[in-house]
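The chain below stands alone and is given in structure tokens; this is the form predicted alone.
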């Protein structure tokens, strides 16, 4: 007769109940650590101000600073030594250009040079004496312009205007000569401009500086704040001598300890990042080809990767809050140079190209350009998405250093 094993279901039930009790204990530990972290916020309001007010201050400052989008009416000097009806017409046209404002008009180059030395103007447009006469007799006059490239952006914009105006000046004088010879206007234009050029700036059609700079500087500064507060929130346990209590509250589970410590900050920073996205793409109407919800998703991923970076720095200097925060500050500022929006990464030396891949801002910038400005498929920047996830998960591989510090290391200045 076949016997039935009645102990097998009981063993299965016991194992399942033990597993459920383990999950319940982990959830309770997570809740206790999270609630403890929220109480810490209440006891240190300055910490909450840094987390909330500072990023919103960055948002207000940079959107107000670059509200015009592109610098306009930049001060320049005009030196018209020729002073003929042709050169006066030329300078009137140049004065109507959006970026140029002649605050100094003189016949003396020395006066204009001194104005540039005093910092009153960024550029000098010089028309020498005899320009009109030489042009009408086809003796190729020379028009000079000088820009103070110590101020790179205004000098570049004025250089663009003056170069265009210099080319137009030659065309205007050629037109005057051809009219004097009896040519019709359609014949003149066919000679002066046989090929018409159309410019189509893609992604940022209005050449708005704020579209590029605000969308990277404000999230970049927020990422630095996230890195610093992540290192601070762990280092503060050692400073207060509560690291072993934290370890016991987490039942020795490093994953629960990390999650409980960072969860309140994750929620707060995600809300701030989403608010920034709403201001940029809904209120200011910056280009967003992929839609606001998707940019919110990338913002959430940027928050997680920034926290992972900050935690990684703390694991590199376990128990040493100041060293970890200093590393976050140094590398956080460095990521602006290596992100690629001010100088292309592909043009950097090879070691810096490799180094740029460890920074969350670089990958967020690539995703932003691909998704918000160009509206391309995410398949073009899937490596950046993977990199952000990897930066977030990387500290888990060094969690043993955090566990060792919780048990054995004391606070170091």
Partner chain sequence: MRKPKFPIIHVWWDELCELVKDEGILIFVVLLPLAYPLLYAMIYDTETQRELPVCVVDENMSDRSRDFIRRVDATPEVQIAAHCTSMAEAQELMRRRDVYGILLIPREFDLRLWRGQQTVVGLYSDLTSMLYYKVAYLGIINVAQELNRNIKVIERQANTTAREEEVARWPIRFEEVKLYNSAGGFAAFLIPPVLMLILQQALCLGVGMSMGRSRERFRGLVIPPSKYYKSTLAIVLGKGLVYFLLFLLMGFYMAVCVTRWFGLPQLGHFWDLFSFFVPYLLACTYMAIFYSSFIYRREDCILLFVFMSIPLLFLSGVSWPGSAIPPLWKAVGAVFPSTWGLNAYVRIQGMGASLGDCQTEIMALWILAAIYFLLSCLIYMFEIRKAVGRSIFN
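In this text, the rigid core denotes the largest set of C-alpha atoms whose superposition between the two forms falls within 1.5 Å. Here the structure is a predicted model, which is why all the values come from computation and not from measurement. Residue numbers count along the first chain shown, from 1.
Unshown form predicted in complex with the partner chain; subsequent notes refer to it.
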The partner chain contact in the model of the complex: residue 150, any heavy atom under 4.5 Å: yes
Does residue 274 reach the partner chain in the model of the complex, with heavy atoms at most 4.5 Å apart? no
For residue 213, is any heavy atom within 4.5 Å of the partner chain in the model of the complex, or not? yes
Is residue 81 close to the partner chain in the model of the complex, meaning a heavy atom pair under 4.5 Å apart or at it? no
Within 4.5 Å, heavy atoms only, one stretch in 244-252, 292-300, 226-234, 307-315 touches the partner chain in the model of the complex. Which? 226-234
State the residue from 279, 325, 256, 288 whose non-hydrogen atoms include one within 4.5 Å of the partner chain in the model of the complex. 325
Considering non-hydrogen atoms and a 4.5 Å limit, which listed residue (105, 342, 89, 266) is close to the partner chain in the model of the complex? 342
Scan 359-379 and write down, in order along the chain, each residue with a heavy atom lying within 4.5 Å of the partner chain in the model of the complex. 365, 366, 369, 373, 374, 376
Displaced residue check between the shown form and the other one: residue 190, CA, 2 Å or over, core reference: yes
Under a superposition restricted to the rigid core, does residue 179 display a Cα displacement of 2 angstroms or more between the shown form and the other one? yes
